[in-house]
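One chain comes next, on its own, written out as structure tokens in the form predicted on its own.
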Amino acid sequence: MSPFRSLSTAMVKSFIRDKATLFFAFVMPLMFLVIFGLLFRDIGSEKIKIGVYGDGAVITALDRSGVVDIQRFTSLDDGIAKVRAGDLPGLVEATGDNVVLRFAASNQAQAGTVQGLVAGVTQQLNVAESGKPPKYDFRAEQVEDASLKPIQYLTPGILSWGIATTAVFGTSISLVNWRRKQILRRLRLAPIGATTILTSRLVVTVGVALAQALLFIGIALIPVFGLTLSGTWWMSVPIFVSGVLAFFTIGMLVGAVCKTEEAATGAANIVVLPMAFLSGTFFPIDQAPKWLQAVSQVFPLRHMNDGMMDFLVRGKGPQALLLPCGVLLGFTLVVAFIASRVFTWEDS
């Protein structure tokens, strides 16, 4: 155990002393978590603003619905001007039994919401006025806990990205640096096997990833962000470990191919950054084109993101472990085999 302990201690000290590495491992991903968490913490709580002109049962029902913020106008032209300028998504004109909705097509998302809301309220009032019970009963229910906040979707993705970045960069640059300085050559001549060297590097990588996870989740649990862990959050641990292994092997491959730290940094960026955007780290991948969603399935970060989300947010059971863990471990074996084929102890 002495060579393993000495190597692990040396790697930890090297990691701690490198301020740039500490920044990219902890500070930069945490900045994204804090910025996005503060930006989106109140999303969904703001009411839709809508203009109204006139009076009647429809406007009263909209006012009592609790989902819109009504702005009344005494002049119809003033209200239409606000809608045309983009300040309001729609204006409801109610005169007698006639209801007219004027909306801004330039804001299609809110215009569609306003149209559906006004049409629904009008239909309910028509049914009530007819004196006949409705034929179909409709009820809308949210499937997640009512306390669910955007931070619970942001934390798994940004945490996975931070772990991937640290594992790939740390492993690849360490191997390149050790090879360039002839450290690997000396270790090869010493009574230390390749397994000991790689295991010590892996233990350090897992330890750093664990520190990242504790820091990220601890910050997200602060009331200002309001993260709420699901009942099966602890089942994310196998996915966490499988993800670290997958990105560690990517770092091994990059470190085996590249000859300089600059080349390793560039190669790691080319691998990790596009993967983050194509795996749902910064925006929901479900909104991307179908072909892009299919392409994202080959990336380990996509499966780590989805797996962490399943247990930190959705509270799924053990069966949800099979796909992400299977893909991540399979990816680890394939990339590790390729890295072992191209690995060299010293520059040729």
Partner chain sequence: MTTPDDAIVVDNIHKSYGDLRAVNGLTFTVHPGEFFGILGPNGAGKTTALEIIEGLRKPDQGSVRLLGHNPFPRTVALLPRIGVQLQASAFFTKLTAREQLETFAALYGIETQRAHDMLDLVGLTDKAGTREDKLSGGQRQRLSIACALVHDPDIVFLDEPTAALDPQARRNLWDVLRAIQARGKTIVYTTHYLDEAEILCDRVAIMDKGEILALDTPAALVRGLDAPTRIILDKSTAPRDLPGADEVTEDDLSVTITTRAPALVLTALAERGALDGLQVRTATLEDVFLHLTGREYRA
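Residue numbers count along the first chain shown, from 1. Model, not experiment: these values are computed from the prediction.
Another form, the form predicted together with the partner chain, is not on view; read the next lines as being about it.
Shown without its partner, this chain lists Val206, Ala263, Ile183, Ile80 as candidates; in the predicted complex, only Ile183 has a non-hydrogen atom within 4.5 angstroms of the partner chain. For the options Trp178, Trp161, Phe169, Phe216, the one in contact with the partner chain in the predicted complex, meaning a heavy atom within 4.5 Å, is Trp178. Judged by heavy atoms within 4.5 Å of the partner chain in the predicted complex, the contact stretch among the candidates 94 to 102, 185 to 193, 218 to 226, 266 to 274 is 185 to 193.
Among heavy atoms of Ser6, some come within 4.5 Å of the partner chain in the predicted complex. Not displayed here, the partner chain is approached by Ser14 to within 4.5 Å at the level of heavy atoms in the predicted complex.
The partner chain is not drawn, but in the predicted complex it has no heavy atom within 4.5 Å of Val334. Taking a 4.5 Å heavy atom cutoff to the partner chain in the predicted complex, none of the residues in 51 to 83 make contact.
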